[in-house]
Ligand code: IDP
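Encoded as structure tokens, the following chain is the form predicted on its own, with no partner shown.
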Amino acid sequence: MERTFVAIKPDGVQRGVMGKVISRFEEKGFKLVAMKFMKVSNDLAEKPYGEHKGKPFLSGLVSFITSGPVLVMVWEGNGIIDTIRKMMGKTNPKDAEVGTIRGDLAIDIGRNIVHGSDGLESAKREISIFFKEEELVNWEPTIHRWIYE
């Protein structure tokens, strides 16, 4: 089982679509193992964007992610990283397919509702930035025997 990091950004929180995003992942059969509703500090905001340090758009990203509360989560499932990225849709909602989170709920690239890790290493790094190991809940939903072979 893979784990991935997902954040509902301030625009998704303010627009009241947190439940819709969570429902899509639950309905797919993925397991929620951690969740926090929080306001991100400037210092914390720069950590996930470390690879963008020095780039001109970084200050805008930090400003946006600290502009309001976010919902950060860890989800678990087989092939979850690639699947959640497909479910989110392309970064620019104009290019995202109808049926994806961004294709259905977002209009502007700067307000695209959700972030998800793009690989195993980034998932591990992002999870460790926002969660302590003891905050990740290991549990087994009884329905998983109906989802996984």
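Residue positions are given as counts along the sequence shown, with the first one as 1. No experiment lies behind these values; they were computed from the predicted model shown.
What comes next is about the form predicted together with this ligand, which does not appear here.
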property	result
Region of this chain that lies against this ligand in the predicted bound form, out of 22-30, 35-43, 109-117, 76-84 [heavy atom, 4.5 Å]	109-117
is_contact(D95, this ligand) in the predicted bound form, heavy atom dist at most 4.5 Å	no
This ligand contact in the predicted bound form: H52, any heavy atom under 4.5 Å	yes
Any non-hydrogen atom of T91 within 4.5 angstroms of this ligand in the predicted bound form	yes
Contact check for F57, L61 and R102 against this ligand in the predicted bound form, heavy atom at 4.5 Å	yes
Partner contacts in the predicted bound form for 1-30 (non-hydrogen atom within 4.5 angstroms of this ligand)	K9
